Every structure is written in structure tokens, then in C-alpha cells.
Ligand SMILES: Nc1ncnc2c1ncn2[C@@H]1O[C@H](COP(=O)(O)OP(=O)(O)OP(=O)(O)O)[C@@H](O)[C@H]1O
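Only one chain is given next, in C-alpha cells, and it is the form predicted on its own.
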């Protein structure tokens, strides 16, 4: 029975698309079949991977007006997601300010009818050290527990804008420790890529970057020494993130007989660059 992964945090710029990109690329390298549904103003993943893999559901001004209207048309839009969650095999990437509408729908539309207690769902919530990001992320984790108490909740610390070590002995750190200890919330890290070549690789798929050679980077304008150093950093970066994501992907997207559920752990095959 297949499950689904949902990536969400209403705060923009926290790395939702990058996390979904990592998840999709890792799934492809692991041979796991899934379809991505991208709720965004502009195509991002769909532009990279094509419509056969990523369905882009555009967030237009009409959509925003519909969300704020309060009429049943708002709920009918989201009614389509219920059967998709029931079938599984999907990765949902919610753009900024979108998941609040999803929660509003789920809270009044019999979410459990489609997913039970949510045990086949994984919610991944990326945050940065930005205070607003942390507050929105923690509130999102709490709201998830209300609609799907059996779902796996994963806090993803994105180090793009700063190290989380600076948040020791803060309210965030204390609340995170409480969630981990008492509520089974998992925490994974998504450090920033420090390779000199990274800025030149914008627009490339991560599964393709994982197989690049020094000569490929030289063709992009780097000197051989810089290309060699960059490859070491990039491959280590990709390997670290994939090793954290693979168990969740294997658990959710590798179909298992009823009553036999794969669990992330020692038995999960790790991706290797």
C-alpha cells in the first residue's frame, strides 16, 4: 500500500522546492515510482522534470480570490486531493501560503475518510533560522497532528541562511526537543552546498548533477582544479541528504503487502553517489 509525502510551510524561501527536488531525485535514483503535484505560481519542478513526472497546479489570482471567498467552491477545489491521498504514490509540494488552505479544507471535510489516522503519510516541514520561518514551521507541525495524528512528521532544518547551532537554548530548541521526545517528530538536516561550482548549476536536475564528471564542470566554465574540488563537496552534500531521505521514500513509495510495513532503519538501502 503506497503512501504520500507532503512538503509544506507557508513561509516562503525556506527550501520547500529544493527539498521536493531532493526527494524526487532520490526516488528516481532508488527506482521508486511517484508522481509530483506542484502547487505553485510558477512552474519549477515541472520545468525541470516535465509534465509526465510533475503536474503543476498553478496558483493564479483567481485561485487566491476563490480561497478567500469562503464559498463551497473553495472546498470543491481541494476535494480532488482526497482520492489522490487515498491512492498514494504522490509527493505534494505546497508553495508559500498554500498549506493553510489545505488545512482549512482537511479540518471540515472528513480527512480521515481518505487517510484514516494518516499512518501512510509523511509531512516534511522545512525551516530556516529566520524567526518567522521557525514560528510558522512549528505551528504547521502542530496543525498536522490535529488532522492526521498517525502521520510521520519531519522537521527539516535548512542551513541555507545560517547554522541552527546558534539557536541553542532558545524557545525553538526547547520546543523541538519536546516534540522529538514526546511527539515522535523526526529532525533531519539540509545544509547549504558550499561548492564553488554550485551557483553555475542552477537549472540542473540533482539526479543529473550526481553523475557529473570534472569534464562536465569544465564545460560550464570552471578550471579543472575548481571542478575537482567542487565535485567532492557536491557529491558529499548530495550523499548526506539522500541518506536521510531514502528511508522515508522507501517506506512510503515501495508497495508492501497489507500488514507488512517497511520502516526506515538499517534495512533500507542507502543511495550512493
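Positions refer to the first chain, counted from 1. Keep in mind that this is a model prediction, so the values were computed, not measured.
The same protein has a further form, the form predicted together with this ligand, not shown here; the description that follows concerns it.
Though the partner is left out of this view, residue 160 does reach within 4.5 Å of this ligand in the model of the complex, counting heavy atoms only. Put simply, residue 35 is far from this ligand in the model of the complex: not one heavy atom of it is within 4.5 Å. Taking the partner from elsewhere, residue 237 is found to have a heavy atom lying within 4.5 Å of this ligand in the model of the complex. Within 4.5 Å of any heavy atom of this ligand in the model of the complex lies no heavy atom of residue 78. Among 85, 141, 190, 151, the residue placing a heavy atom within 4.5 Å of this ligand in the model of the complex is 190. Of the candidate stretches 109 to 117, 90 to 98, 171 to 179, 143 to 151, only 90 to 98 has residues with heavy atoms within 4.5 Å of this ligand in the model of the complex. Although this ligand is not shown here, in the model of the complex the stretch 22 to 42 places heavy atoms of just one residue, 40, within 4.5 Å of it.
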